[in-house]
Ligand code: HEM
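One chain follows as structure tokens, the form predicted alone.
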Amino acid sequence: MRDAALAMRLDARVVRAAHPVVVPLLAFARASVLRLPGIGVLVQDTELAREVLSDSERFTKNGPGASSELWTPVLGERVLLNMHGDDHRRMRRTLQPIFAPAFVRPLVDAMIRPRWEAAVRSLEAGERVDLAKLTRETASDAIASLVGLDRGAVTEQMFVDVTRITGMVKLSKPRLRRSQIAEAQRLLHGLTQHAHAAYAGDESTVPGRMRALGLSEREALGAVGAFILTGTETLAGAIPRIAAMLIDADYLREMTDGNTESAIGESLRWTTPSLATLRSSLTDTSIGAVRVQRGERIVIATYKANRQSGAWNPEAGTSRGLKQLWFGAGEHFCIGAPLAMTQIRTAVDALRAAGPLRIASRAPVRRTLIPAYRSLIVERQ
């Protein structure tokens, strides 16, 4: 590996482009836990972050300042993003088989792997490939298949719409304005209208399974919207950033079947697609040395918590002890993690097969919730 420091510097530009004000300010916040006026209680320590994420008796996603205040007005009241307690556990058990490895591997092999194999052939033929565009397409196809949309229904423009919705979210604003809610609902309607037929069909899709569970069509379509929001943009942010770091550090040529898994975990630790996650305190309590009042907003800076283990080093195995904290912890651990990991492995394996690569040009997405490349053009060296 030639230059891990260069890879980290170039990736930092992507994060700063997404959050040009907040990220530099938070870089100066050293305390494990601190209260920030207008934002909430910021948690940056690895173990304390895991404690908050895992403790559903003291902290919830459904309360003042939490995820529910952002997404319930847009998606409805019964989607995993804003559920808590027994209702959440029942919903998760129902949906779990759809996201199990045995279900997602054939899906990725059928829909995603051929796209990456075609990209490898293009690179071998001396052509350039935009990894950012390719990842947006493959992530969209996977989610479309799961939620019952026609393949290709989540188009590039619809992906832009997803980014417009998530781009409304600001750490300093615990809820969306009425005009933003109306705009988000309008955009999501265009994304979810194809799922009506799936709701009336069998249980192989999320809408069909929810219908069998007894949920209304409105509730099911709200869940479809949630999976589109969380399942496309995070992957479209993560895979090109991981690819860029591995290429910039000239590490791809050193990767084998034996160390690929470790390199992916380390890269996810460093990139952490969702920079922060929200909770609300259910009771008067403490996080570390900071007293927290009931109903207070908790902001878990997962990207800073993950980086406490040291600089990015795909050879060190630093990520093993974190138990995939970038996907969350406790009962809200990301249900889509198996699908995400299968897609990431497919992408990295394809890049390894393509031979030595270099980045011809790159451009980040500016002022967006999930740091991402707008374009990442690669070619063979």
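Sequential numbering from 1, following the sequence displayed. This structure is a prediction, so every number in the text was calculated from the model and none was measured.
This next part talks about the form predicted together with ligand HEM, which is not shown.
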**Request:** Choose from 227 to 235, 112 to 120, 69 to 77, 246 to 254 the stretch whose residues reach within 4.5 Å of ligand HEM in the predicted complex, heavy atoms counted.
**Result:** 227 to 235
**Item:** Non-hydrogen atom contact Tyr303 with ligand HEM in the predicted complex at 4.5 angstroms
**Value:** no
**Item:** ligand HEM contact at Arg352 in the predicted complex, heavy atom, 4.5 Å
**Value:** no
**Asked** With a 4.5 Å heavy atom cut-off, would you call Arg279 a contact of ligand HEM in the predicted complex?
**Response** yes
**Item:** Phe99, heavy atom within 4.5 angstroms of ligand HEM in the predicted complex
**Value:** yes
**Asked** Quick one: in the predicted complex, does every one of Ala132, Arg136 and Pro364 get a heavy atom within 4.5 Å of ligand HEM?
**Response** no
**Heavy atom within 4.5 Å of ligand HEM in the predicted complex - the one residue of Arg211, His88, Arg307, His194 that qualifies** = His88
**Prompt:** Since exactly one of Ala347, Ala340, Ala49, Leu42 fits, which has a heavy atom within 4.5 Å of ligand HEM in the predicted complex?
**Reply:** Ala340
**Prompt:** What are the residues of 16 to 55, in order along the chain, with a heavy atom within 4.5 Å of ligand HEM in the predicted complex?
**Reply:** Leu53
